[in-house]
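Take a look at this one chain, the form predicted on its own, written out in structure tokens.
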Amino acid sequence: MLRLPNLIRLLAFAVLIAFLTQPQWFEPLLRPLVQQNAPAIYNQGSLLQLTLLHLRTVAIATAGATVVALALAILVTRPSGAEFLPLSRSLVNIGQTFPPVAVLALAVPIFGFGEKPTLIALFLYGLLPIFENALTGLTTLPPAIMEAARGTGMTGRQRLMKVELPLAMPVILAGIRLSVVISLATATIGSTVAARTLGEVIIAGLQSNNLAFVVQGGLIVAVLAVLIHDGLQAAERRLGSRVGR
């Protein structure tokens, strides 16, 4: 039997799918938000297509940030790479030092308009939470387990792949979750440089003074963020229960 929170999430997911595939069903709800004769449903493109493109942009940027941040965390937690910790922290903090709008402004003259500047901004912005969580996960492993792994004759690579990463994965996944949620919201600004994201809907609403468009774009992003956040959090709990963290 489904518990109430799970039932609410399932209902939210069903409503989101219905809105993306059949938005005209919801026109009576949005009609009071627009002026006379103005469209209540976004009519300058497909909401479903924009949502999929938005998710694709976030997925690519997060995957790249995860690979780089995890590689840096592994490097600085090895004896041979410990001296690079300050440098690594400085690198992953670049995205937090420069706001995404500034990154877009710097990237557009080099890479042109479109998806590339947005990917760079999201990649840089997503590095820090993944790196810090991976660093925490790899440096707080139970000493007894690590000693037992060494006692069995495992090489450093074997300990990393079979012991350290599996034990640290719940904490690493928490960093990825935070990065994804941040990127989902931040990706909307990519539409200011011609990237295909849900920001198109919000910008169109602001330009035409159409509150219904703004609400549509904002709500889709918000529901996606909540559902993905809860899904990754459930995965964290499941992994945590398996490894005892």
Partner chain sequence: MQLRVDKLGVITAALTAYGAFLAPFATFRANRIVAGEGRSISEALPPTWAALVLLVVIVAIILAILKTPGVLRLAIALCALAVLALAIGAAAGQLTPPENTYARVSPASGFWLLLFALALLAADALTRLRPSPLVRVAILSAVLGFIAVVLISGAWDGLSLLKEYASRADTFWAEAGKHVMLALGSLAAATAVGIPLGVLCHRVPRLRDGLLGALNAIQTIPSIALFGILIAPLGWIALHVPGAAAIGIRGIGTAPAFVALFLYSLLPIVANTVVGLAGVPREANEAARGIGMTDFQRLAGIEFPLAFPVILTGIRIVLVQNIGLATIAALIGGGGFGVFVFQGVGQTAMDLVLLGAVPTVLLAFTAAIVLDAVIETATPYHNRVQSA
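Residue numbers count along the first chain shown, from 1. A quick note: this is a predicted structure, and the numbers were derived from the prediction, not measured. Take the two forms, superpose them, and find the largest set of C-alpha atoms that agree within 1.5 Å; that set is the rigid core.
Not pictured, yet referred to below: the form predicted together with its partner chain.
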| item | value |
| --- | --- |
| Non-hydrogen atom contact residue 140 with its partner chain in the predicted complex at 4.5 angstroms | no |
| 4.5 angstroms heavy atom contact with its partner chain in the predicted complex for residue 99 | yes |
| Residue 232, heavy atom within 4.5 angstroms of its partner chain in the predicted complex | no |
| Residue 74, heavy atom within 4.5 angstroms of its partner chain in the predicted complex | no |
| Heavy atom within 4.5 Å of its partner chain in the predicted complex - residue from 45, 218, 39, 64 | 218 |
| Sole residue of 195, 30, 50, 202 within 4.5 Å of its partner chain in the predicted complex, by heavy atom | 202 |
| Within 4.5 Å of its partner chain in the predicted complex, all of 119, 136 and 228 (non-hydrogen atom) | no |
| Heavy atom contacts to its partner chain in the predicted complex at 4.5 Å, residues of 77-109 in sequence order | 80, 83, 84, 86, 87, 89, 90, 91, 93, 94, 96, 97, 98, 99, 101, 102, 105, 106, 108, 109 |
| Core-superposed comparison between this form and the one not shown, residue 91 Cα displacement 2 Å or beyond | yes |
